[in-house]
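As a starting point, one isolated chain is supplied in structure tokens, in the form predicted alone.
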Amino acid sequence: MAKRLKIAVIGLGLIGGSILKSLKGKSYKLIAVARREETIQKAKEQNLADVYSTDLKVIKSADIVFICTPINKIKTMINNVIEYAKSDAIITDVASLKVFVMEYIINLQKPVKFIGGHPMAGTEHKGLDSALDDLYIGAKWILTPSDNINEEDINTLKNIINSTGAKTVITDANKHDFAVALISHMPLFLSQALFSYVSSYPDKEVRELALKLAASGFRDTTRLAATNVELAQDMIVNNLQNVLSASDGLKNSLTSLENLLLFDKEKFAELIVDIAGSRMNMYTENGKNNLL
């Protein structure tokens, strides 16, 4: 009989809570860990795990540990987890930045079986109340293995992630951080800039009319501006150079489109047809990325 893996999830916000919900009812023993007793009570009411605690010592028996705390608390939590986790436990995180995490792991004095992780799923909401059992279905889940990890460890974690409905993508931390700057952190920055520009437009009458008329286009384009403020700041500040580089590239792209619109409207029309087609082919009807 196959061993029933014990999986600990530390931090029961949107991401951690959704991990528990997506693994609930599958062949794992789930351990829920949160800082606040109030959160633990909510998890118990929803029957999300087999074991619940605000005491980190409860992870001592865990085979897999998911660290789902905010980015600015990751390093401290890694140290705390190492203190209590068994030596052969696989430790992973869900931070949307990987370079600073993997560099920290490399510089630790103690060898750790660590696989960096980043599920490419989420909403602008936060907390256990916002967690979803289908959040990861069809989503990509990036893995950045450390040097102390072997193929069996990777496959163990991949199987768990696959059971949430996500698809794993293995890459290195530097490529990951620039890629997410292009498709996540810079768009967040853009969304903030757009909302700030419109909501503070100097002509009061035009501003108030624009905000009153704003519908799905403005809503969808500025959705990211409502992202959990702590998370938004952590992502942009800690990936600043990549975000600025991506932002510069976007400005160049905008300038190119402006020039075509001004001086070659035929090419502009051809280009936006190509863009529209590529964008439509990239996602399924329910909004999941089609690209493998």
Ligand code: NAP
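All residue numbers refer to positions in the sequence shown, first residue = 1. Please read all numbers here as calculations on a predicted model, not as lab measurements.
The same protein also exists as the form predicted together with the ligand; that form is not shown, yet it is the one meant from here on.
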Heavy atom within 4.5 Å of the ligand in the predicted complex: which of Val243, Cys68, Ala62, Ala43?
-> Cys68
Quick one: from Lys251, Lys265, Lys57, Arg36, grab the residue that has a heavy atom within 4.5 Å of the ligand in the predicted complex.
-> Arg36
Look up in the predicted complex whether Lys73 has a non-hydrogen atom within 4.5 angstroms of the ligand, and give yes or no.
-> yes
Indicate whether Leu14 is a 4.5 Å heavy atom neighbour of the ligand in the predicted complex.
-> yes
Using the partner position in the predicted complex, report whether Leu20 sits within 4.5 Å of the ligand, counting heavy atoms only.
-> no
Would Thr123 show up as a contact with the ligand in the predicted complex if we use heavy atoms at 4.5 Å?
-> yes
Which of 253 to 261, 228 to 236, 43 to 51, 23 to 31 has heavy atoms within 4.5 Å of the ligand in the predicted complex?
-> 228 to 236
Looking in the predicted complex, the residues of 74 to 102 with a heavy atom no more than 4.5 Å from the ligand, listed in order, are Ile74, Met77, Val94, Ala95, Ser96
